[in-house]
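Read on for two forms of one protein chain; each stands alone as structure tokens, with the labels structure 1 and structure 2.
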Structure 1
Amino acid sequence: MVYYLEQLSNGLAIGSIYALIALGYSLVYSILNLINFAHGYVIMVGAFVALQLLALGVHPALAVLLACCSGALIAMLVERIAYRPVRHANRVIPMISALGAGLVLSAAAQLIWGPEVRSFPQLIPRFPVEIGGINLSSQSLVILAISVVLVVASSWFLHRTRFGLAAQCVRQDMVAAQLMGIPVNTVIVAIYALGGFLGVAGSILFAMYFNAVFIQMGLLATTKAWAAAMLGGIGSFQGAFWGGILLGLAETLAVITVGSAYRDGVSMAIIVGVLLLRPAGLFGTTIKERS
């Protein structure tokens, strides 16, 4: 039992990382009902930026902050170049545009940093912490704490500030919000920026946890975060967080019961089972439209 509890702490840590990345998907989908397939590649570039700044001797805290800001900036550029011109087109067109933007980012990152897997510095010390007779990893505890703080701060920002209220109005009716004087384009750009900022924070924690940063982590992050968002309920801020946590726990349970080779298969099977019983996700809602 002690062993299982120790491993579950690791599941909470990796799940909170998935949650941070998944929030970027849910934020954009909640406003525009569009899937931001470029999100994973944006945060991959942000992780490489953090690695580059650390290699140049920048203080770790400043390097992480600048990398997160770079993720916000890249997300804003993707919105302006790849999304805004086709925002009101058929939904397939923005998806293709997003995939194109992601491929461009992937190619640019590979041209700059190369295809090799690079080791990421352990910015958070890893040592055992005994709590109630259970040895937990200090790194896992800090990662979980950082993720929870970022999620709570973002939730407060979106639900307790004037910008958050404006974003809720845009979410309910974009045309009516624009007629009421709300700068719709500014709100949408800020949502993309917030998603990019949180996503890069998650990708840096991901790189530290697995001690690696690589080009294909964009695709991996996209798969995991999208699965977490679907599990919790796409478009739901709360759902994205708990979906990420549940996905991390499911993967950890799979590893300690059937082996690491079946981690992805077992976790995805759980997601399929949940969606079959509740297609809108655990925290999603089904909206009936009049024909």
Structure 2
Amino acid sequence: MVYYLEQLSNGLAIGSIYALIALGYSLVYSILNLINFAHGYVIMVGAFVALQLLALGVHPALAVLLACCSGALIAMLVERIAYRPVRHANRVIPMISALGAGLVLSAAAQLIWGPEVRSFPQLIPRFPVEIGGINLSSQSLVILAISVVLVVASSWFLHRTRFGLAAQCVRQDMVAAQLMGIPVNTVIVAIYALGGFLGVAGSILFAMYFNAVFIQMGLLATTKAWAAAMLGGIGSFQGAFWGGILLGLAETLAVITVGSAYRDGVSMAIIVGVLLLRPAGLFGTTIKERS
């Protein structure tokens, strides 16, 4: 029993990381109906940037902050170069363009940092914390706390500020929003930036948790983030958070029952299951394309 509770805290931590990454995908999808494949690569680059800055001796907190900002910056560049010119084209086209941009990032990262798996410094000390007789990992608790703070802050930003209101308008009807004088382009760029920022925060935590940074981590995180986003309902903030948590728990459960090789199968099972049973996710509603 105690063992399971300890695993539970790991599940919560990894789940909250998925949630952070999922938000970037989910936000862009809810506004633009685009699976922004570049996101996974952007956050991978962000994790490498953090690693690089740390290696250069930058103070950890500053390094992480700068890396998150670099993620926002790259996401904005991707939007400007690869996405905006094709915004109104047939729907697979922006997806392909985003993926193309992602592959460029991936090749660049491979040229700069090489294809090997690098280890990531443990910025958050890992020691057992005893709460009520159960040993939890300090790292898991801190990760969970950081994620919750970030999710709550962005939720406030998107629901309680003027910018958030504008974003909701763009999401409901881009053309009408434009006509009403909402700076649609600015809103979209900001959404990309926010997604990039949160995503890199997620990928750095991911790197710390698994003690690894590697080129393929972005694409690996993609399916997991989507499983989380879809489970919670695409576009929904709390949804992405709870979806991530549920996925983290489900994966941890899979690892202790069938073995760690099949951890990655959970997210696919969830995606297919959600599509089959509840396309709107557990907490969301879908908006159909108008005919």
Partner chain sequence: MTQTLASLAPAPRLRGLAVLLFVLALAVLPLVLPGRFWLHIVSLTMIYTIFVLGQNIVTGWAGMLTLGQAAFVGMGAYTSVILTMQYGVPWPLAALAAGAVAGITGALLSIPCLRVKADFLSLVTIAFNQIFFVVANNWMDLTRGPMGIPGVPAMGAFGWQATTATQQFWLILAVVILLFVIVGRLTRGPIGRAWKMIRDDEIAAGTIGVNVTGYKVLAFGVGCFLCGLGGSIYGHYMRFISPDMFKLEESLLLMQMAILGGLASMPGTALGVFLMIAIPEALRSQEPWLITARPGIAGAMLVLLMIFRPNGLLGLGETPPVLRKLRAALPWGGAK
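Between two forms, the rigid core is the largest collection of C-alphas that superpose within 1.5 Å. Structure 1's sequence is the ruler for residue numbers, which start at 1. From a predicted model like this one, the values you see are computed outputs, not experimental measurements.
Asks: Sort out for me whether 1 or 2 is the form predicted alone.
Replies: The form predicted alone is the one given as structure 1; the other form is structure 2.
Asks: Once both forms sit on the same rigid core, is the C-alpha displacement of L12 at or above 2 Å between structure 1 and structure 2?
Replies: For L12, whose C-alpha is compared between structure 1 and structure 2 after core superposition, the shift is less than 2 Å.
Asks: Could the core-superposed CA displacement of V274 between structure 1 and structure 2 be given in angstrom, to one decimal?
Replies: Core-aligned C-alpha shift comes out at 4.1 Å.
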